[in-house]
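First, one chain by itself in structure tokens, the form predicted alone.
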Amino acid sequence: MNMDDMMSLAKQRGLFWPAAEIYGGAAGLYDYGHVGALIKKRFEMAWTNYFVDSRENCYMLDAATILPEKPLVASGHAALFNDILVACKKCKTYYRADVLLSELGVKVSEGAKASEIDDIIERNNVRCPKDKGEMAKSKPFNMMFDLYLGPERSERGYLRPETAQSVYLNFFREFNILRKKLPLGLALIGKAYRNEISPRQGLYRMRELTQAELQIFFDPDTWDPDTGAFLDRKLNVFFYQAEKVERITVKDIIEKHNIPKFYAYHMALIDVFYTQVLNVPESKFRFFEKGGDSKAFYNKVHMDMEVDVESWGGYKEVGGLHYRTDYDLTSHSKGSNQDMSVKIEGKKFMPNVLELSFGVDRNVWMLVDMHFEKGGERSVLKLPPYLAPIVAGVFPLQHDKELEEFSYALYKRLKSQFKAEYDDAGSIGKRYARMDEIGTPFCITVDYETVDKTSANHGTVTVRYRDDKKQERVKIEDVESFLSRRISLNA
């Protein structure tokens, strides 16, 4: 499926589309429709269940999306949250330099400075793709959206560029409330805002995005998670300066590549999440290690999670695993004049941070791309049942008053527990097709045998499975338990 096919599907089936579409849309801003919003919610619920609810001493936060200027000066965002901007002298079109050069087949390191970009443009005689005009000198462009607080506009603020800073600002209070225990996991799912120079590829590069992040605060001298169950698990890893992906055990990642044990442990956790919870084929998921100029300066170890997504043209980043050391808490301690170091068993130290960061919108797009299948006249979104936007469609077999009343009563009963949808429009085949295309795993049909007291199937309905179209009869009183078992994460 290419980009055009993906956007066509998204618009036709209520997934997502450009914001303010009736006015021509807005680059990098998207609205979710009724189906897309549910898929997004399902991803967030699966993520929370796996990374937060099932872990010890992990908690969810929520926080303001507007921050005053001082915290973002201390974190480095005010000075360093930059992309390199380059413009055509002739048509005045602006480009993000690394993206432009990459699309033209010119290699450039992720952290290249403006002077390096200018040298690369000159050496390769790079011209504007639109009109072949000469490129002007490049310059840093800060991606934060700034604003002013109060009626006199005297205090400067910003829309937060990432959710992580909100967690760091709340760490010390939460640490003290939660009985001063480490490691401590603080998670947040929420909006971040980045004034991207050239947003593109649908939900991949956006100006308003949703992040799901878990920040784990720990003592690097004592944190020793039990990796026993994972030591022999093989992961796909593209190590920095390597020429290819290596299929390697967690044990060898630790011993041969000098990766901290706690870091390798979380690589394995993330691998399980993608391959077993999200059902991404293991051949399409990998870790990509950043190094040199491409690694964030505050990271000791930095790996991106990448998935091979057809509509994006190959492997693209959907998240990151970052060992940020004590950079963040140290920076905010200095900027606020509030000591954020902790004291445990007589030892005073600044906690280190391991960050698990996921782009929710990117993962939603990836899930649709990965699980959408089209064969012949049939189009099916084969999401795992617990990620499906609609759990069950409820239909009367035909337009018949008794069947319709019975079906609608069953739908009303089910919708108190599940996201169900009633549909009596068109033939039963067309109703199945509509449900297949939005990923509904089960279709429940009320037919004449259901209501015929003389039939051996009286009091049962036909349940049709999305993936293989098989059908079975289920007793009316067992429908809830049938659905509950099959939409469980552990099913």
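Given the structure is predicted, the values throughout are model-derived calculations rather than measurements. All residue numbers refer to positions in the sequence shown, first residue = 1.
The following text describes the form predicted together with a further copy of the same chain, which does not appear among the structures shown.
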property: All of Y265, E317 and R486 within 4.5 Å of a further copy of the same chain in the predicted complex, heavy atom check; result: no
property: Any non-hydrogen atom of G111 within 4.5 angstroms of a further copy of the same chain in the predicted complex; result: no
property: Residue contact check: D436 to a further copy of the same chain in the predicted complex, 4.5 Å heavy atom; result: no
property: Exercise: F482 in contact with a further copy of the same chain in the predicted complex, heavy atom 4.5 Å; result: no
property: is_contact(G346, a further copy of the same chain) in the predicted complex, heavy atom dist at most 4.5 Å; result: no
property: Partner-proximal stretch of 271 to 279, 223 to 231, 367 to 375, 155 to 163 relative to a further copy of the same chain in the predicted complex, 4.5 angstroms, heavy atom; result: 155 to 163
property: a further copy of the same chain: the contacting residue among L178, A78, V99, V106 in the predicted complex [heavy atom, 4.5 Å]; result: L178
property: Proximity to a further copy of the same chain in the predicted complex, single hit among K290, H332, H322, R286 (heavy atom within 4.5 Å); result: H332
property: Those residues of 61 to 83 which, in the predicted complex, come within 4.5 Å of a further copy of the same chain by heavy atom; result: L61, D62, A63, A64, T65, I66, P68, K70, P71, A74
